[in-house]
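Below you'll find only one chain, the form predicted on its own, shown as structure tokens.
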């Protein structure tokens, strides 16, 4: 089986992290975001994954060289010369996706984190003879989204964008199973699978929706990224994963790379991930935050609801809160208060940032 991951654009909503690397390679729970998806695809029987890219292709090629052998999955690039939307990349990779035997393939948006019920979704797709199956998830407030309206068998009847009256509470979760016949509907041009292809498939009664029971989050912006980490770690706890940290000073769900060093008298958690090579000083308090590879946090600092980018340094007796995001290699002096600060890579912060601001 094959799969195509829409790696796509510039990741502007997740800046300043995406100024250093493409969004799919940004760490999530201590490994590149896209690795979670490729591992799930492998479990569902995929042996080849196509990455549809148009930004920093040389970085993605380096990623492929590093991870292809580790994962035991063939990874290839399909490079767009111009942004091709969500359907154009399927036409571009047509020869790879269609094996000539009618085997369905997966299509995923690269910033979706969820329980990935790919095998069950594939069985559902085949059982209904569908041309395409959309993964949908239930939301509390459907008025903010495009709603997928379907019958009791999962057949999609129509799409309603930001409905003012209740028509359903299921939204597109950004993961699809497609049969190769759908490729005949897609021209080699920038086009949207959601707006220009799926409505025609639905009109022919060949579009179905599979409802996700577990968690789901689009982690393409910092607030949602942190919420996604909470859901991911909670899912690990439900599965009683041995990868979660335990012991003195650990509160709630925490993920710590074995190479990280944590000082004495720290309180870590809940909802914290600490990546490889990090050094956490004595008396540090971390909660609802992400500490990326190579970060140093000095003694008696408190970090809450924040993301600290690769190789950054946070001074002693400091405080970070309210969705701070430090880009790569940011150096913060001692005794600073950062409130909602978004700091571009390779900056030195010498003064407090008492109100939310972007530091250029």
Ligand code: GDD
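Positions refer to the first chain, counted from 1. Worth saying up front: this structure is predicted, and the values here are computed from it rather than measured. Throughout, rigid core stands for the largest set of C-alpha atoms superposing within 1.5 Å between the two forms.
Just so you know, the form predicted together with the named molecule exists too; it's not on screen, but the next bit is about it.
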- Task: Classify residue 322 as contacting or not contacting the named molecule in the predicted bound form by the rule of any non-hydrogen atom within 4.5 angstroms, answering yes or no.
- Result: no
- Wondering, does residue 6 line up within 4.5 Å of the named molecule in the predicted bound form on heavy atoms? yes
- Item | the named molecule contact in the predicted bound form: residue 111, any heavy atom under 4.5 Å | yes
- Message: Contact with the named molecule in the predicted bound form for residue 162, defined as at least one heavy atom pair within 4.5 Å: yes or no?
- Response: yes
- Candidate spot 225, 294 and 309, all three in 4.5 Å heavy atom range of the named molecule in the predicted bound form? no
- Query: Just one stretch in 93-101, 234-242, 267-275, 169-177 has heavy atoms within 4.5 Å of the named molecule in the predicted bound form, so which one is it?
  - Reply: 169-177
- Contact with the named molecule in the predicted bound form, heavy atom within 4.5 Å, among 123, 257, 115, 194 goes to 194
- Contacting member of 199, 252, 283, 83, with respect to the named molecule in the predicted bound form [4.5 Å, heavy atom]: 83
- Query: From first to last in sequence, which residues of 201-224 have any non-hydrogen atom within 4.5 angstroms of the named molecule in the predicted bound form?
  - Reply: 216, 218
- Message: Rigid core aligned, does the Cα position of residue 222 differ by 2 Å or more between this form and the one not shown?
- Response: no
- Message: Once the core is superposed between this form and the one not shown, does residue 142 show a C-alpha displacement of at least 2 Å?
- Response: yes
- Query: Any chance the CA of residue 73 moves 2 angstroms or more between this form and the one not shown, core superposed?
  - Reply: no
